[in-house]
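Let's start with one chain on its own, the form predicted alone, as structure tokens.
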């Protein structure tokens, strides 16, 4: 049987899809990119943003006539939206055959088999656990890079965020299992590992985990064969001196730090239940830049949160101007079911949200360009990731700040670390020459 698997959402969803592909392959299924050739169609879904949910709902609706013409077709949904809506999926989309929760990925092949053989609705939801073991990670992000989940879930309960509901409470994997898996990846030729989690630097916060995140990062950076260690996404509450020192002390650790701010207004931050003020956030950023001068800091911002006035929005805009992020993901607030904020009036108009988003996007594009232009003429280390998509004589690489660079090279150099001089900037990609 051929399976089409479509992924929506974050890097954790991408990773879950890769695990699903591995499990399906072991069970004898073949993957396809063509709807017409598929015997099974699966959507791996995200509930964090309304737009991602709307895309899934739209594509499920489009499959209804397809299923009518091909009754044997099996349609399934997995991921965060399953945890969010559960049986409602079967009521609203009766042509859906099976549902797989975020901690039940391992049950996917069996659920497909049951849905096909028994011709009845199947739903698998686990209340605890990770859903799969590290060794089931099989398909990597290219030939030299791997994403590795070290924790899942969240204990922070921000008022706008559905993650604690759809991913559950925080679970951290045993450090020895993580480090053993990184060694296995290194033995298989992986050079770059990115540790991921909903709040990755909350790793080890619960008693009994055995190792704080900063120490895990140091241990991972010491593994032979691994040349680069990154991590995402962090929470400001758990970003502190020990983590900053680990980054400073190890040349292998990525110099890109993603730290969501969400708002520049203390009033809104309090309503969001972020657990910090703007001043406290800025103190952390200033300390990180003091310890690691070459750090690249990116963030998330939300506009149009309930009760966000024009003055509150202006504080966010001013914060972005003053902090000078290297990049930012900017979102319109949308109520998420099961969150605290969903009970509040969504009192900022859609048109005003659009205006604020577009204004912040223009502001950030200018800041990003200015910060990148300052780097022209400098030398830096890069890791070659592969051939450039636009030229057969150039390679594509990333700096330790995760900025894209292209220069002359060959495919055989993939995974190599070289020093280049940044010569010019095209959009957000640097052209460079070897030093």
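Please read all numbers here as calculations on a predicted model, not as lab measurements. Numbering follows the first chain given and starts at 1.
Although it is not shown, the form predicted together with a small molecule is what the next lines describe.
- The stretch among 192-200, 117-125, 287-295, 171-179 whose residues place heavy atoms within 4.5 Å of the small molecule in the predicted complex is 192-200.
- When the small molecule is considered in the predicted complex, only one residue from 325, 132, 147, 160 comes within 4.5 Å through any heavy atom, namely 160.
- Residue in contact with the small molecule in the predicted complex (any heavy atom within 4.5 Å), chosen from 89, 333, 281, 244: 333.
- Mapping the unseen interface onto this chain, residue 260 counts among the residues with a heavy atom inside 4.5 Å of the small molecule in the predicted complex.
- Shown alone here, residue 320 lies farther than 4.5 Å from the small molecule in the predicted complex, counting heavy atoms only.
- The closest heavy atom approach of residue 113 to the small molecule in the predicted complex falls outside 4.5 Å.
- Taking the partner from elsewhere, residue 239 is found to have every heavy atom lying beyond 4.5 Å of the small molecule in the predicted complex.
- Proximity to the small molecule in the predicted complex holds for all of 49, 233 and 300, with the criterion being a heavy atom within 4.5 Å.
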